[in-house]
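So this first bit is one chain, no partners, the form predicted alone, shown in C-alpha coordinates.
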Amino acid sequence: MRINVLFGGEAGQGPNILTQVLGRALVNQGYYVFFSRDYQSLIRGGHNFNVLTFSEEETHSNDSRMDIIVALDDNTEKLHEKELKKGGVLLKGNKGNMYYAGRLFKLLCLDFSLLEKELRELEKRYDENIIEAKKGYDEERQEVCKIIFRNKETPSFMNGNQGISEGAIKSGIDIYYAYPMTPATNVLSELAEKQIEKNILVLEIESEIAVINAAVGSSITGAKTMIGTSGGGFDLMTESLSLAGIAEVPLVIYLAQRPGPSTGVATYTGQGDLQMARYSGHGEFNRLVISPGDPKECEELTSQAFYFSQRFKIPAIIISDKHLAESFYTLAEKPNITFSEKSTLLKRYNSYETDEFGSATENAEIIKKNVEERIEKKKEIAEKAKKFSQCKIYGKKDSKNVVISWGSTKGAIVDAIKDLDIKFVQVLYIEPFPIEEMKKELEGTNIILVENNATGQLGDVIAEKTGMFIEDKNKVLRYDGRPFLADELREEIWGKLK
(Lines give C-alpha, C1' and ligand atoms only; values in the text may rest on other atoms or scores of the structure.)
Protein backbone atom coordinates (compact mmCIF):
# COMPACT_ATOMS: atom_id res chain seq x y z
CA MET A 1 0.00 0.00 0.00
CA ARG A 2 1.32 3.44 -1.01
CA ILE A 3 -1.15 6.33 -0.74
CA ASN A 4 -0.59 9.88 -2.02
CA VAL A 5 -2.62 12.81 -0.68
CA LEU A 6 -2.41 16.36 -2.08
CA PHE A 7 -3.48 19.38 -0.01
CA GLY A 8 -3.82 22.65 -1.92
CA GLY A 9 -5.01 26.20 -1.36
CA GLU A 10 -3.99 29.81 -1.03
CA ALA A 11 -1.25 30.88 1.37
CA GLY A 12 -2.99 31.39 4.71
CA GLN A 13 -5.68 28.70 4.23
CA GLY A 14 -3.72 26.16 6.26
CA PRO A 15 -2.60 23.26 4.02
CA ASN A 16 0.58 22.95 6.11
CA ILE A 17 -1.25 22.39 9.40
CA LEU A 18 -3.59 19.92 7.72
CA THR A 19 -0.62 17.96 6.34
CA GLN A 20 1.21 18.01 9.67
CA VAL A 21 -1.83 16.78 11.60
CA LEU A 22 -2.43 13.80 9.30
CA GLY A 23 1.29 13.05 8.98
CA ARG A 24 1.91 12.88 12.73
CA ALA A 25 -1.17 10.74 13.29
CA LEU A 26 -0.05 8.24 10.65
CA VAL A 27 3.48 8.12 12.07
CA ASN A 28 2.02 7.45 15.52
CA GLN A 29 0.04 4.59 14.00
CA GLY A 30 3.28 3.01 12.80
CA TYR A 31 3.28 4.08 9.15
CA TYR A 32 6.10 5.58 7.13
CA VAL A 33 5.26 9.11 6.00
CA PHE A 34 6.96 11.59 3.69
CA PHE A 35 5.63 14.98 2.71
CA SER A 36 6.98 17.86 0.65
CA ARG A 37 5.92 21.48 0.24
CA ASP A 38 5.39 23.55 -2.92
CA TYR A 39 4.73 27.22 -2.23
CA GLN A 40 5.09 30.60 -3.87
CA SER A 41 6.99 33.54 -2.40
CA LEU A 42 3.80 35.09 -1.02
CA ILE A 43 2.36 35.60 2.46
CA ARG A 44 -1.26 35.53 1.27
CA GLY A 45 -2.95 34.28 -1.90
CA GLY A 46 -1.30 32.44 -4.77
CA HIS A 47 -1.25 28.65 -4.87
CA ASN A 48 0.45 26.42 -2.32
CA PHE A 49 0.25 22.66 -2.08
CA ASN A 50 1.73 19.80 -0.10
CA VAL A 51 1.92 16.14 -1.09
CA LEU A 52 1.90 13.49 1.64
CA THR A 53 2.82 9.90 0.83
CA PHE A 54 2.42 7.09 3.35
CA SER A 55 3.02 3.36 3.30
CA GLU A 56 3.58 0.29 5.45
CA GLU A 57 7.07 0.17 3.91
CA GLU A 58 9.76 2.81 4.13
CA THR A 59 8.99 5.76 1.89
CA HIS A 60 11.17 8.78 1.11
CA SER A 61 9.40 10.56 -1.78
CA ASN A 62 6.13 11.39 -3.51
CA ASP A 63 4.52 10.11 -6.71
CA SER A 64 2.89 11.97 -9.59
CA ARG A 65 -0.59 10.43 -9.21
CA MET A 66 -2.90 11.17 -6.26
CA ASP A 67 -5.31 8.94 -4.36
CA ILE A 68 -6.89 11.89 -2.53
CA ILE A 69 -6.92 15.61 -3.32
CA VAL A 70 -8.05 18.13 -0.71
CA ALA A 71 -8.95 21.36 -2.53
CA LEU A 72 -9.20 24.26 -0.10
CA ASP A 73 -9.93 26.53 -3.07
CA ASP A 74 -11.23 26.20 -6.64
CA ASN A 75 -7.77 26.77 -8.13
CA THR A 76 -6.44 23.57 -6.53
CA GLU A 77 -9.08 21.49 -8.28
CA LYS A 78 -8.40 23.24 -11.58
CA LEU A 79 -4.62 22.73 -11.39
CA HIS A 80 -4.45 19.20 -9.96
CA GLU A 81 -7.59 17.28 -10.93
CA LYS A 82 -5.72 15.67 -13.83
CA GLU A 83 -3.32 14.11 -11.30
CA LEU A 84 -6.13 12.25 -9.50
CA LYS A 85 -6.12 8.49 -10.06
CA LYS A 86 -9.16 6.82 -11.52
CA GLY A 87 -11.41 6.12 -8.55
CA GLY A 88 -9.54 8.67 -6.45
CA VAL A 89 -11.30 11.02 -4.01
CA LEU A 90 -11.59 14.79 -4.48
CA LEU A 91 -12.61 16.72 -1.37
CA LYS A 92 -13.74 20.24 -2.22
CA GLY A 93 -16.09 22.95 -1.14
CA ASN A 94 -16.18 26.19 0.79
CA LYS A 95 -14.95 24.75 4.09
CA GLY A 96 -11.99 25.29 6.42
CA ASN A 97 -8.96 23.04 6.78
CA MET A 98 -10.12 21.46 10.06
CA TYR A 99 -13.37 20.34 8.44
CA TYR A 100 -11.28 18.49 5.87
CA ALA A 101 -9.08 17.07 8.60
CA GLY A 102 -12.18 15.37 9.97
CA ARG A 103 -13.19 14.03 6.56
CA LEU A 104 -9.69 12.71 5.89
CA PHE A 105 -9.50 10.82 9.17
CA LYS A 106 -12.88 9.25 8.42
CA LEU A 107 -11.80 8.36 4.87
CA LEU A 108 -8.78 6.52 6.27
CA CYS A 109 -10.81 4.85 9.05
CA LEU A 110 -8.77 6.64 11.72
CA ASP A 111 -10.53 7.01 15.05
CA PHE A 112 -11.60 10.57 15.85
CA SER A 113 -9.72 10.43 19.14
CA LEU A 114 -6.46 10.45 17.16
CA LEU A 115 -7.44 13.71 15.49
CA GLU A 116 -8.54 15.14 18.82
CA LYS A 117 -5.10 14.35 20.25
CA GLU A 118 -3.34 16.10 17.37
CA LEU A 119 -5.53 19.18 17.68
CA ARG A 120 -4.81 19.45 21.40
CA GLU A 121 -1.09 19.37 20.68
CA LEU A 122 -1.51 22.25 18.21
CA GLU A 123 -2.43 24.48 21.18
CA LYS A 124 -4.27 26.87 18.86
CA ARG A 125 -8.04 27.48 18.63
CA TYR A 126 -8.79 24.02 19.98
CA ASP A 127 -12.50 24.54 20.72
CA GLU A 128 -13.21 25.99 17.28
CA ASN A 129 -11.06 23.40 15.49
CA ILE A 130 -12.60 20.39 17.22
CA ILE A 131 -16.13 21.49 16.28
CA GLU A 132 -15.21 21.87 12.61
CA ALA A 133 -13.26 18.60 12.56
CA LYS A 134 -16.14 16.65 14.15
CA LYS A 135 -18.54 18.04 11.59
CA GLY A 136 -16.33 16.87 8.74
CA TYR A 137 -15.79 13.48 10.38
CA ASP A 138 -19.53 12.88 10.83
CA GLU A 139 -20.43 13.97 7.30
CA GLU A 140 -17.90 11.74 5.49
CA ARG A 141 -19.34 8.47 4.17
CA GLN A 142 -16.50 7.03 2.04
CA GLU A 143 -13.52 4.86 2.90
CA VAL A 144 -10.28 4.83 0.90
CA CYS A 145 -8.25 2.40 2.97
CA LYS A 146 -8.34 1.08 6.49
CA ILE A 147 -5.49 2.33 8.65
CA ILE A 148 -4.74 -0.02 11.53
CA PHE A 149 -2.38 0.44 14.45
CA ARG A 150 0.82 -1.39 13.53
CA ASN A 151 2.15 -1.55 17.11
CA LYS A 152 5.58 -0.20 16.23
CA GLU A 153 7.80 2.04 18.27
CA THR A 154 6.99 5.58 17.16
CA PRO A 155 9.85 6.84 14.97
CA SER A 156 10.92 10.46 14.68
CA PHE A 157 9.27 12.71 12.11
CA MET A 158 11.33 15.71 11.05
CA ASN A 159 12.60 17.75 8.16
CA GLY A 160 16.17 18.43 7.07
CA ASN A 161 16.43 21.81 8.79
CA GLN A 162 15.41 20.19 12.07
CA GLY A 163 18.07 17.54 11.47
CA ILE A 164 20.71 20.24 10.93
CA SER A 165 19.59 21.98 14.13
CA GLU A 166 19.64 18.80 16.20
CA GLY A 167 23.04 17.87 14.80
CA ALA A 168 24.41 21.28 15.79
CA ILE A 169 22.99 21.03 19.31
CA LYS A 170 24.37 17.52 19.81
CA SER A 171 27.74 18.76 18.55
CA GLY A 172 27.90 21.36 21.31
CA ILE A 173 27.29 24.49 19.24
CA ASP A 174 27.84 27.74 21.15
CA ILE A 175 26.77 30.38 18.62
CA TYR A 176 24.63 30.44 15.48
CA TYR A 177 24.59 33.55 13.28
CA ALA A 178 22.35 34.06 10.25
CA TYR A 179 20.52 36.54 8.10
CA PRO A 180 17.14 35.02 7.08
CA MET A 181 17.15 33.43 3.65
CA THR A 182 14.88 30.64 2.42
CA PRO A 183 15.34 27.70 2.81
CA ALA A 184 17.91 28.00 5.64
CA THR A 185 15.76 30.34 7.76
CA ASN A 186 14.08 27.64 9.84
CA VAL A 187 17.40 26.59 11.36
CA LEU A 188 17.57 30.10 12.80
CA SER A 189 14.11 29.76 14.36
CA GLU A 190 14.65 26.14 15.49
CA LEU A 191 17.81 27.04 17.38
CA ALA A 192 16.36 30.32 18.69
CA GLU A 193 13.50 28.42 20.35
CA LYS A 194 16.02 26.26 22.21
CA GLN A 195 18.76 28.77 22.96
CA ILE A 196 17.93 29.18 26.66
CA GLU A 197 17.39 25.46 27.24
CA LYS A 198 20.56 24.48 25.35
CA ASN A 199 22.68 27.53 26.31
CA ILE A 200 23.20 28.67 22.72
CA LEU A 201 23.57 32.23 21.49
CA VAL A 202 21.43 32.73 18.37
CA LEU A 203 21.73 36.05 16.56
CA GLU A 204 20.13 37.44 13.42
CA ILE A 205 22.57 40.01 12.00
CA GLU A 206 22.04 42.71 9.36
CA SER A 207 23.78 41.02 6.41
CA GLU A 208 25.56 37.88 5.29
CA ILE A 209 28.89 39.71 5.28
CA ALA A 210 28.37 40.66 8.91
CA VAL A 211 27.28 37.10 9.71
CA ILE A 212 30.49 35.42 8.57
CA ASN A 213 32.75 38.11 10.00
CA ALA A 214 31.06 37.82 13.40
CA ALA A 215 31.38 34.05 13.15
CA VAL A 216 35.11 34.22 12.40
CA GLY A 217 35.56 36.47 15.42
CA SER A 218 33.57 34.16 17.68
CA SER A 219 35.47 31.09 16.48
CA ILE A 220 38.79 32.80 17.19
CA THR A 221 37.71 33.28 20.82
CA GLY A 222 36.97 29.56 21.18
CA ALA A 223 33.23 29.28 20.49
CA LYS A 224 31.88 26.43 18.39
CA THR A 225 30.26 28.56 15.71
CA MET A 226 27.91 27.85 12.82
CA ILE A 227 26.27 30.06 10.20
CA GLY A 228 23.49 29.41 7.69
CA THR A 229 22.41 30.86 4.35
CA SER A 230 21.43 30.09 0.76
CA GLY A 231 23.33 30.67 -2.49
CA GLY A 232 22.94 34.43 -2.78
CA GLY A 233 24.04 34.94 0.82
CA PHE A 234 26.93 32.51 0.47
CA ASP A 235 28.20 34.59 -2.47
CA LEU A 236 28.64 37.53 -0.11
CA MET A 237 30.54 35.43 2.41
CA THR A 238 33.33 34.21 0.17
CA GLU A 239 36.00 36.80 1.01
CA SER A 240 35.79 35.87 4.67
CA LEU A 241 35.64 32.19 3.73
CA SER A 242 39.17 32.69 2.43
CA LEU A 243 40.05 34.46 5.68
CA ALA A 244 38.90 31.41 7.65
CA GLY A 245 40.98 29.23 5.31
CA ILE A 246 44.28 31.07 5.70
CA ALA A 247 43.86 31.96 9.38
CA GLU A 248 42.85 28.36 10.24
CA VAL A 249 39.57 29.28 11.87
CA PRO A 250 37.15 26.39 12.56
CA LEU A 251 33.75 27.31 11.13
CA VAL A 252 30.66 25.31 10.08
CA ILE A 253 28.57 26.73 7.21
CA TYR A 254 25.11 25.49 6.29
CA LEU A 255 24.43 26.14 2.59
CA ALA A 256 20.77 25.40 1.77
CA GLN A 257 20.40 25.67 -2.00
CA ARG A 258 17.58 27.12 -4.04
CA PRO A 259 17.50 27.73 -7.80
CA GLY A 260 19.54 30.62 -9.19
CA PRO A 261 21.17 32.60 -10.68
CA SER A 262 20.43 35.65 -8.52
CA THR A 263 17.03 35.35 -6.81
CA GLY A 264 15.97 32.61 -9.24
CA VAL A 265 12.79 31.06 -7.84
CA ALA A 266 13.29 31.71 -4.18
CA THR A 267 10.96 29.11 -2.63
CA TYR A 268 11.75 26.15 -4.88
CA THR A 269 14.50 23.54 -5.03
CA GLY A 270 17.68 22.87 -6.99
CA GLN A 271 21.25 21.57 -6.78
CA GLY A 272 23.08 24.26 -8.72
CA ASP A 273 25.59 25.37 -6.06
CA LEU A 274 27.86 22.33 -5.77
CA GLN A 275 30.77 23.85 -7.64
CA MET A 276 30.34 27.13 -5.76
CA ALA A 277 30.70 25.26 -2.47
CA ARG A 278 33.86 23.59 -3.76
CA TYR A 279 35.58 26.60 -5.30
CA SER A 280 34.30 29.80 -3.65
CA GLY A 281 36.94 32.04 -2.18
CA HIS A 282 40.25 33.20 -3.60
CA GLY A 283 43.50 31.34 -3.29
CA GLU A 284 44.09 27.72 -2.32
CA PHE A 285 42.92 26.58 1.09
CA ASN A 286 41.36 23.53 2.69
CA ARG A 287 37.67 22.96 3.22
CA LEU A 288 35.18 20.16 3.83
CA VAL A 289 32.06 19.86 1.64
CA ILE A 290 29.50 17.23 2.66
CA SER A 291 25.98 16.52 1.46
CA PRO A 292 23.30 14.72 3.51
CA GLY A 293 20.34 13.02 1.85
CA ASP A 294 17.79 12.84 4.68
CA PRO A 295 17.28 14.36 8.16
CA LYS A 296 19.17 11.54 9.91
CA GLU A 297 22.19 12.22 7.72
CA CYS A 298 21.69 15.93 8.38
CA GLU A 299 22.30 15.25 12.07
CA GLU A 300 25.20 12.92 11.43
CA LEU A 301 27.01 15.05 8.85
CA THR A 302 26.52 18.23 10.88
CA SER A 303 28.35 16.55 13.75
CA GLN A 304 31.07 15.43 11.32
CA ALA A 305 31.36 19.00 10.01
CA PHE A 306 32.02 20.21 13.56
CA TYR A 307 34.53 17.40 14.05
CA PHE A 308 36.57 18.22 10.94
CA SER A 309 36.37 21.99 11.43
CA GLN A 310 37.62 21.72 15.01
CA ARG A 311 40.25 19.05 14.44
CA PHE A 312 41.76 20.56 11.29
CA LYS A 313 40.76 24.23 11.82
CA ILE A 314 39.04 24.59 8.46
CA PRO A 315 35.69 25.83 7.14
CA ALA A 316 33.25 22.91 6.79
CA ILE A 317 30.31 23.34 4.41
CA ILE A 318 27.12 21.29 4.74
CA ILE A 319 25.24 21.56 1.43
CA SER A 320 21.50 20.88 1.34
CA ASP A 321 18.54 22.23 -0.65
CA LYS A 322 14.95 23.34 -0.19
CA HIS A 323 13.48 19.87 -0.82
CA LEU A 324 15.52 18.25 1.94
CA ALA A 325 15.41 21.29 4.23
CA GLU A 326 11.61 21.53 4.34
CA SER A 327 10.28 18.03 3.55
CA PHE A 328 9.31 15.76 6.45
CA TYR A 329 10.66 12.21 6.66
CA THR A 330 9.89 9.27 8.95
CA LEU A 331 13.15 8.14 10.56
CA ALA A 332 13.19 4.76 12.23
CA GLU A 333 16.89 4.79 13.17
CA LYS A 334 18.72 7.07 15.54
CA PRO A 335 21.65 9.12 14.21
CA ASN A 336 25.27 8.33 15.01
CA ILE A 337 26.73 11.57 16.38
CA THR A 338 30.47 12.26 16.13
CA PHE A 339 31.97 13.96 19.18
CA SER A 340 34.32 16.89 18.68
CA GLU A 341 36.66 18.70 21.07
CA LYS A 342 37.08 22.46 20.96
CA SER A 343 40.51 23.16 19.54
CA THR A 344 40.83 26.92 19.05
CA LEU A 345 44.25 28.25 19.99
CA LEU A 346 44.72 31.57 21.77
CA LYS A 347 47.14 33.17 19.38
CA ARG A 348 47.50 36.04 16.97
CA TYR A 349 45.21 35.69 13.92
CA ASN A 350 45.88 37.37 10.61
CA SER A 351 44.51 37.50 7.05
CA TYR A 352 48.08 37.55 5.69
CA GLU A 353 50.58 34.76 5.40
CA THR A 354 52.23 34.73 8.82
CA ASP A 355 55.39 33.69 10.59
CA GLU A 356 55.51 31.53 13.72
CA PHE A 357 54.41 34.50 15.86
CA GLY A 358 51.32 35.26 13.76
CA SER A 359 52.82 38.39 12.23
CA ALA A 360 52.32 39.18 8.55
CA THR A 361 55.22 38.13 6.34
CA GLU A 362 56.36 38.35 2.73
CA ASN A 363 59.30 36.00 3.27
CA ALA A 364 59.39 33.55 0.34
CA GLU A 365 60.60 30.59 2.40
CA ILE A 366 57.90 31.05 5.04
CA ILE A 367 55.18 31.47 2.39
CA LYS A 368 56.31 28.26 0.68
CA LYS A 369 56.39 26.42 4.00
CA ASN A 370 52.86 27.60 4.89
CA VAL A 371 51.45 26.51 1.54
CA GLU A 372 53.10 23.09 1.81
CA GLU A 373 51.70 22.66 5.32
CA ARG A 374 48.20 23.31 3.96
CA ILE A 375 48.83 20.72 1.25
CA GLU A 376 49.91 18.18 3.86
CA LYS A 377 46.83 18.98 5.94
CA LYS A 378 44.66 18.28 2.89
CA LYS A 379 46.14 14.77 2.75
CA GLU A 380 45.47 14.29 6.48
CA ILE A 381 41.85 15.39 6.03
CA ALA A 382 41.38 12.95 3.14
CA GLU A 383 42.86 10.11 5.19
CA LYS A 384 40.67 10.88 8.22
CA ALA A 385 37.57 11.09 6.00
CA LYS A 386 38.04 7.43 5.10
CA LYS A 387 37.01 6.59 8.68
CA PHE A 388 33.52 7.86 7.85
CA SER A 389 30.88 6.75 5.32
CA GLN A 390 31.84 8.90 2.35
CA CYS A 391 29.25 7.18 0.19
CA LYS A 392 26.43 4.69 0.70
CA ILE A 393 25.19 1.82 -1.46
CA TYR A 394 21.51 0.85 -1.90
CA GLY A 395 19.61 -1.66 -4.01
CA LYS A 396 21.26 -4.64 -5.75
CA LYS A 397 24.85 -4.18 -4.60
CA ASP A 398 26.33 -6.51 -7.24
CA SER A 399 24.43 -4.98 -10.16
CA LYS A 400 26.27 -3.60 -13.17
CA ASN A 401 23.54 -0.97 -13.54
CA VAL A 402 24.48 1.98 -11.34
CA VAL A 403 22.62 5.16 -10.45
CA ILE A 404 24.78 7.83 -8.82
CA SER A 405 23.65 11.03 -7.15
CA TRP A 406 23.92 13.25 -4.08
CA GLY A 407 21.76 15.14 -1.59
CA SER A 408 17.97 15.22 -1.59
CA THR A 409 17.58 13.10 -4.74
CA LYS A 410 18.34 10.11 -2.51
CA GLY A 411 14.70 9.63 -1.43
CA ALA A 412 13.16 9.44 -4.89
CA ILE A 413 15.97 7.20 -6.16
CA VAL A 414 15.70 4.72 -3.27
CA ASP A 415 11.94 4.46 -3.84
CA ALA A 416 12.29 4.32 -7.64
CA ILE A 417 14.74 1.42 -7.83
CA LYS A 418 12.85 -0.98 -5.57
CA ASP A 419 12.72 -4.42 -7.23
CA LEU A 420 14.93 -3.26 -10.14
CA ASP A 421 18.36 -4.66 -11.02
CA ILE A 422 20.07 -1.42 -10.00
CA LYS A 423 22.70 -0.31 -7.52
CA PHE A 424 22.45 3.22 -6.16
CA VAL A 425 25.63 5.01 -5.07
CA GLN A 426 24.92 8.03 -2.89
CA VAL A 427 27.86 10.43 -2.50
CA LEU A 428 28.04 12.14 0.89
CA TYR A 429 31.59 13.55 0.81
CA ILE A 430 32.21 15.91 -2.09
CA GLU A 431 35.47 17.29 -0.66
CA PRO A 432 37.51 15.25 0.08
CA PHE A 433 36.10 12.98 -2.63
CA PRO A 434 36.19 9.18 -2.13
CA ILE A 435 38.20 8.52 -5.30
CA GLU A 436 39.18 4.89 -4.77
CA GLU A 437 35.74 3.91 -3.52
CA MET A 438 34.13 5.58 -6.55
CA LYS A 439 36.41 3.72 -8.95
CA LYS A 440 35.58 0.45 -7.24
CA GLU A 441 31.82 1.02 -7.46
CA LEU A 442 31.67 2.57 -10.95
CA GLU A 443 34.29 0.92 -13.16
CA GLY A 444 32.80 -1.52 -15.67
CA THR A 445 29.20 -0.49 -14.98
CA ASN A 446 26.33 1.20 -16.81
CA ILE A 447 26.16 4.58 -15.04
CA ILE A 448 23.09 6.81 -14.82
CA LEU A 449 23.63 10.23 -13.21
CA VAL A 450 20.63 11.83 -11.45
CA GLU A 451 20.78 15.48 -10.37
CA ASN A 452 18.48 18.44 -9.71
CA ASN A 453 20.46 20.79 -11.95
CA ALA A 454 20.99 21.43 -15.66
CA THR A 455 24.69 20.63 -16.05
CA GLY A 456 25.32 17.46 -14.00
CA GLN A 457 27.75 19.02 -11.54
CA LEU A 458 28.46 15.80 -9.64
CA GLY A 459 29.26 14.22 -13.00
CA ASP A 460 31.90 16.90 -13.50
CA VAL A 461 33.38 16.13 -10.07
CA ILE A 462 33.51 12.41 -10.91
CA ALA A 463 35.27 13.15 -14.22
CA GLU A 464 37.75 15.47 -12.50
CA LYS A 465 38.55 13.06 -9.68
CA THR A 466 38.42 9.65 -11.40
CA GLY A 467 38.75 10.30 -15.14
CA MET A 468 35.38 8.61 -15.77
CA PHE A 469 33.08 10.68 -17.99
CA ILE A 470 29.30 10.20 -17.95
CA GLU A 471 27.74 10.88 -21.35
CA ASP A 472 24.78 13.22 -21.65
CA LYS A 473 22.56 10.35 -22.78
CA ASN A 474 23.15 8.73 -19.38
CA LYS A 475 22.07 11.77 -17.36
CA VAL A 476 18.64 12.32 -15.81
CA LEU A 477 18.56 16.02 -14.92
CA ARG A 478 15.68 18.07 -13.55
CA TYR A 479 16.00 21.85 -13.40
CA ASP A 480 12.48 23.31 -13.21
CA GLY A 481 12.68 24.03 -9.48
CA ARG A 482 10.79 20.84 -8.57
CA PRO A 483 12.05 17.62 -6.98
CA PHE A 484 12.04 14.20 -8.61
CA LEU A 485 8.94 12.01 -8.16
CA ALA A 486 9.55 8.31 -7.58
CA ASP A 487 7.21 6.83 -10.20
CA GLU A 488 8.36 9.18 -12.97
CA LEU A 489 12.02 8.73 -12.05
CA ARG A 490 11.66 4.94 -12.13
CA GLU A 491 10.50 5.11 -15.75
CA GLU A 492 13.28 7.51 -16.74
CA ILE A 493 16.04 5.43 -15.16
CA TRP A 494 14.80 2.15 -16.59
CA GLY A 495 14.35 3.76 -19.98
CA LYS A 496 17.96 4.95 -19.97
CA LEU A 497 19.22 1.49 -19.04
CA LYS A 498 17.22 -0.14 -21.82
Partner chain sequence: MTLNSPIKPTWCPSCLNFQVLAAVKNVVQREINTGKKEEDFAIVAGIGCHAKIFDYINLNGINTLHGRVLPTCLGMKLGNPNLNVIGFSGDGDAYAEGMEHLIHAARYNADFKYFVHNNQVFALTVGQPTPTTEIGFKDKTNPLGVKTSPINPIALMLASGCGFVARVYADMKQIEHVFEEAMKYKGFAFIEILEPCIIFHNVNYKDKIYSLENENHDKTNLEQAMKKAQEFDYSTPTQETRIPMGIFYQKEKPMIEDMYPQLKILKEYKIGWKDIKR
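Numbering follows the first chain given and starts at 1. Worth saying up front: this structure is predicted, and the values here are computed from it rather than measured.
The form predicted in complex with the partner chain exists for this protein as well; it is not shown, and the discussion that follows is about that form.
Student: Could you work out which of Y307, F424, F328, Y177 is the residue within 4.5 angstroms of the partner chain in the model of the complex, going by heavy atoms?
Tutor: Exactly one listed residue reaches within 4.5 Å, namely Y177.
Student: Ok, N213, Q275, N75, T182: which has a heavy atom sitting within 4.5 Å of the partner chain in the model of the complex?
Tutor: Checking each option against the partner chain in the model of the complex, the one that comes within 4.5 Å is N213.
Student: Tell me which stretch of 343-351, 290-298, 406-414, 105-113 has a heavy atom within 4.5 angstroms of the partner chain in the model of the complex.
Tutor: It is 343-351 that comes within 4.5 Å of the partner.
Student: With the cut-off set at 4.5 Å between non-hydrogen atoms, does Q195 touch the partner chain in the model of the complex?
Tutor: Close contact exists here: in the model of the complex, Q195 approaches the partner chain to within 4.5 Å, heavy atoms only.
Student: Can you tell me whether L201 touches the partner chain? I mean in the model of the complex, with a 4.5 angstroms heavy atom cut-off.
Tutor: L201: yes, in contact with the partner chain in the model of the complex.
Student: Is there a heavy atom of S240 no more than 4.5 Å from a heavy atom of the partner chain in the model of the complex?
Tutor: Output for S240 is yes: heavy atoms within 4.5 Å of the partner chain.
Student: Examine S262 and determine whether its closest non-hydrogen atom to the partner chain in the model of the complex is within 4.5 angstroms.
Tutor: Contact with the partner chain, no.
Student: Out of 204-224, which residues reach within 4.5 Å of the partner chain in the model of the complex, heavy atoms considered?
Tutor: Stretch hits, in order: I205, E206, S207, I209, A210, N213, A214, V216, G217, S218, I220, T221, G222, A223.
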